[in-house]
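A lone chain, given as structure tokens: the form predicted on its own.
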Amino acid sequence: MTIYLQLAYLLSAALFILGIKSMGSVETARRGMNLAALGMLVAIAGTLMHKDIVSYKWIIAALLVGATIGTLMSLWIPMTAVPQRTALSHAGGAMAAVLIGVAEYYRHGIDLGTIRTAMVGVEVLIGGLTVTGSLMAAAKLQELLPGRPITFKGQNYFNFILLAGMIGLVVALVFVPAMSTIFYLLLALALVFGLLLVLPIGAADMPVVIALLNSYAGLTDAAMGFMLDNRIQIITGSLDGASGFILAVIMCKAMNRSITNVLFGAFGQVAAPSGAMPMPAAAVRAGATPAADDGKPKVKKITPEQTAFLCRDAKRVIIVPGYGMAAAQAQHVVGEFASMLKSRDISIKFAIHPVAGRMPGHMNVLLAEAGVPYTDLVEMEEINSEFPHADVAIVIGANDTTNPAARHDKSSPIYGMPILDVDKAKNIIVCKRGMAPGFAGIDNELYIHEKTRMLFGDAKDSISKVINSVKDPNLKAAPLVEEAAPPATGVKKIDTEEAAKVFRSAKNVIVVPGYGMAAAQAQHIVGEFTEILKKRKISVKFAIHPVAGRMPGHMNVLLAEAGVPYTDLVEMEEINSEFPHADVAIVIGANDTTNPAARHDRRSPIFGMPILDVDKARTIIVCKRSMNPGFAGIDNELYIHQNTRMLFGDAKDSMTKIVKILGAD
């Protein structure tokens, strides 16, 4: 049986190596996956022949449970969530290794010997940080946690000290293996270190993080192999660790970044230029223009019919897929669109950037799922020389990987990153929901390029309309002219002097408190503000949304603390009918609970959520630090409403100034 076991492990190792080699090409990647899966099956079957197994009862139960979970995950999890699923797999594999390490130490302890004790320590260290690091990565990718880097002062120094401390504990464990306190402290610190390791890494770097976590999981497996004297685990762990690290290096090269910059650079924290006030995506979708014309290039729109006409008469079309295509689940309709153009003898190629999407090969997998031939997928190094000859380049949801700022803007966080040369095509069409930036958090210069037209809307819906238009025999050319913007609906500012003047002439005022008031600790000055209005015989009420703030009753507690009478606090169901009669509604830090998109935008994550009808007031003043979105991560249409004026600044400071002006009358 030992001979058969070793032969099974040898065959398994060969299949793993052949599988990894086959994954180096899109044409053979599917075969590589099948070879690797077969290798794992052979390894499991061989292990079941191990002489030390005395009962198969729990092993069979575990196999059935694991197979069921894996099957359900494969069936239920969409392709867009594969990065999250991969991170969870890393966490699960590392957790298994950590538990085995804990079990071995618990059972044998001092009898493990020097080498095995060291391997147990290394296994627990790397495995523990992989478990929590992978869970953090999955949570960021799923947007359960903010995708932006989260940092604190001295974070890197703290992490280095913690890592040094854990290495010291491993060394101490080797010399004093009987001291279990050292072992369990090492386990706890490793779990904490995993959280701190991924915390400062932004969503833009998730492809690298996924590859690194894969490497860590492999190293954990290799350490477990040394501990258990299991050769196949040593081989597979080493393969996994090395290939994961090489992949991470390739990803960094594709972004012109170093591994250390990814791990310690808090990429993605980009400060907006002083004095700049970006237009929200909702404003651009509505065709809004800034309050003042700055003379810079403007966004030009295109319709599906115009897009269809351009593509129908083209000879060469390059499609650039990105995460937006994945998020819209548009890969199948994009594949259909490409096939239709091919049937008209139009050359079609897909430009694949190595870090497009949220994991290595994300676009390749999605397009293969949609039946797009591998031969149509062209890597960045090869396709870039073809953009100048392309009649049309269609960008579907790609952002940072097409941004020309990477070539020339030294202040940009993506400066030096190799990009797809989309801006060199003869005509550029960008299919995107709005003007929101990508993972890097910066605007894309491509969107205001002289040859670019924006096809706003859901990618799946937009491309479907283009397909229908191409099929229409009556399709006629429409001039590609810039649409006239509707009357000014852009951001309009107000200062404290002007705001005070508005309140002086009001008879009915509704105050809408939100988390911004809580964050600024402005409740007391807001209470003082309302008392001044009441002395002027002005009716004042507070509109309370049930989920305003961060816990039920948050606003009620804060306002009670500030001495505001309970009778002035009116719940949403009662106050909404009063907004049309209010002379002024002042919003202090509330965001999603006042967003009109909840009523009509079916694509919005807050669609259907009951909101406060602030937009129905005669005059609206929003007291807020900036145009940043709320917890839902979307722009608030209220901020570009025709009746809205933005009072930018700290809520406490702004309200204090208004109180001083009104109090001086």
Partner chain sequence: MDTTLLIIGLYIFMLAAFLGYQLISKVPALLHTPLMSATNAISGISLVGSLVILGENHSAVSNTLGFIAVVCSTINVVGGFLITDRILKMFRKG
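Between two forms, the rigid core is the largest collection of C-alphas that superpose within 1.5 Å. On a predicted model such as this, the values are computed, not experimentally measured, just so you know. Numbering follows the first chain given and starts at 1.
What comes next is about the form predicted together with the partner chain, which is not displayed.
Peer 1: Can you check 569-577, 190-198, 400-408, 227-235 and let me know which stretch has heavy atoms within 4.5 Å of the partner chain in the predicted bound form?
Peer 2: Checking each option against the 4.5 Å cut-off leaves 227-235.
Peer 1: With the partner chain left out of view, choose which of 505, 74, 343, 181 has a non-hydrogen atom within 4.5 angstroms of it in the predicted bound form.
Peer 2: Checking each option against the partner chain in the predicted bound form, the one that comes within 4.5 Å is 74.
Peer 1: Tell me, which of 89, 155, 539, 329 has a heavy atom within 4.5 angstroms of the partner chain in the predicted bound form?
Peer 2: Only one option qualifies, and that one is 89.
Peer 1: Honest question, do 30, 65 and 239 all end up within 4.5 Å of the partner chain in the predicted bound form by heavy atom distance?
Peer 2: Checked in the predicted bound form: all three residues contact the partner chain.
Peer 1: Can you tell me if residue 70 lies within 4.5 angstroms of the partner chain in the predicted bound form, counting non-hydrogen atoms only?
Peer 2: Heavy-atom contact with the partner chain at 4.5 Å: present for residue 70.
Peer 1: Look up in the predicted bound form whether residue 600 has a non-hydrogen atom within 4.5 angstroms of the partner chain, and give yes or no.
Peer 2: No, residue 600 is distant from the partner.
Peer 1: Can you check whether residue 422 is within 4.5 Å of the partner chain in the predicted bound form, heavy atom basis?
Peer 2: The answer is no: residue 422 has no heavy atom within 4.5 Å of the partner chain.
Peer 1: Just to confirm, residue 175 within 4.5 Å of the partner chain in the predicted bound form by heavy atoms?
Peer 2: No - in the predicted bound form, heavy atoms of residue 175 and the partner chain never come within 4.5 Å of each other.
Peer 1: Would you mind checking 575-601 for residues with a heavy atom within 4.5 Å of the partner chain in the predicted bound form?
Peer 2: Stretch hits: zero.
Peer 1: After a rigid core superposition, would you say the CA of residue 72 moves by 2 angstroms or more between the shown form and the other one, or not?
Peer 2: Yes; that C-alpha moves by at least 2 Å between the shown form and the other one.
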